[in-house]
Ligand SMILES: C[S@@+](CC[C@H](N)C(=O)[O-])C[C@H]1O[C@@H](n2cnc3c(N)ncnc32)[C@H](O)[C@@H]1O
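Taking the form predicted on its own, here's one chain by itself in structure tokens.
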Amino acid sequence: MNYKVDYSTQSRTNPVFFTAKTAICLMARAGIPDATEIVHRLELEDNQPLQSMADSDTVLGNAIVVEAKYRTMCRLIEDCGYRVCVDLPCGYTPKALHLTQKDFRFVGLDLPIVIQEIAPIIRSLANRSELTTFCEVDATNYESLEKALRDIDEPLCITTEGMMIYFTENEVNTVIANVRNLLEVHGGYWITPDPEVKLQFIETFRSVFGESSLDKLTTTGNAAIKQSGGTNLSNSFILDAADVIGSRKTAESLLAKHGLKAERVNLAEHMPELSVYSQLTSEQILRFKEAMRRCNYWIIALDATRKLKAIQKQRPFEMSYTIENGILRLTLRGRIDSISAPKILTAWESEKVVNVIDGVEIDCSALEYISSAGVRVLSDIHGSCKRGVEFLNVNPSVAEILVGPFVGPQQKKSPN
């Protein structure tokens, strides 16, 4: 049976998209062109996404980081030598408007819930809307990325800004492998501030707010965790401020494992003047500019000395189920990610309205992958029925992902 996935279901499956709404509100606060109009069209004038930041200084600190990232990334894209920007995730930013005015082709990739909102807004505002393309993808799903870029026959400037910090270790490995495969097919670069994003926040807040910076950084981190659905904001791609050199080597080794190498470019040397400076004192501006000399953005390319096997295609998601004696017997095939997980949640919530369901048994014999979005949905189901969820025939790679959330996981072999 097919169920239409609504906005509410998508937002509960993928709460991390709320961080993108926070970013566009911060851009409007910083005075980035077109950001205020996008906020207006998203009906966010009350700045609700910023209300968890406690005070105006915390909002200001975040606005500084967001504008510095946005403007510096735009400059690096313009200087990279490639004319196709693949923005993953594109969020709600006006980057498409800025780049298409300079004759770049812009391909915005993001979760379905984001694309459905931002694509019509950007197209209505763009002078060169024919240069914009928006596609619904999951960054861990290579087939969705490949399909989105199928018609592009020139090198790519792939950008990820603010995404990598929210992934689990399993997911970050999958995404890096996917980017590597895209670069092998199309050529180009991957530009990202993400490995040193924590350092950029710390250096920004310390330089602007001094001794009061720690409380404001803590508030910022707590808000990000809450908006993203409880993510711990840490993996081996993200540098640890307490061990910058060691964690940098770890991140570089992770890239090398996937056949990639990174050049680090200094933020201060590429950062344009910021609109948000009008809200700072001259002393704060000087300290901030000096602090950004300790932060770098990464330009990542294929390592020609390393050849790796291409990603094997995975079967598409399929779901079937029966209900017997109060047990929902669910068969899942392929991969569960941000695109497919809402379908499971929609089916579950529709069926429990008309049936008494005490427990769920899931046949995982043909399940190949599960992302944090899928784990979140299955955890919700597990907690909302008396007997919880049991897993049948789980392969080792999926079992490793399920261990934490399901403490085991509860699994058994099929009686068949």
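What you are looking at is a predicted structure, and each value in this text was computed from that prediction instead of being measured. Heads up: residue numbers just count along the shown sequence, starting at 1.
Not pictured, yet referred to below: the form predicted together with this ligand.
Each of Phe17, Ala20 and Ser338 is positioned with at least one heavy atom within 4.5 Å of this ligand in the predicted complex. Only one of the listed residues (Phe288, Phe201, Phe167, Tyr297) places a non-hydrogen atom within 4.5 angstroms of this ligand in the predicted complex, and that residue is Phe167. Proximity to this ligand in the predicted complex, defined as a heavy atom within 4.5 Å, holds among Pro195, Gly188, Gly259, Gly162 only for Gly162. Although the partner is absent here, Leu76 sits far enough away that none of its heavy atoms falls within 4.5 Å of this ligand in the predicted complex. Within this chain, Cys85 is remote from the site of this ligand in the predicted complex, having no heavy atom within 4.5 Å. Contact between Met27 and this ligand in the predicted complex is found at the 4.5 Å heavy atom cutoff.
Although the partner is absent from this view, Leu183 stays clear of this ligand in the predicted complex, with no non-hydrogen atom inside 4.5 angstroms. Note on the interface: of 298-306, 274-282, 131-139, 249-257, the segment with non-hydrogen atoms within 4.5 angstroms of this ligand in the predicted complex is 131-139.
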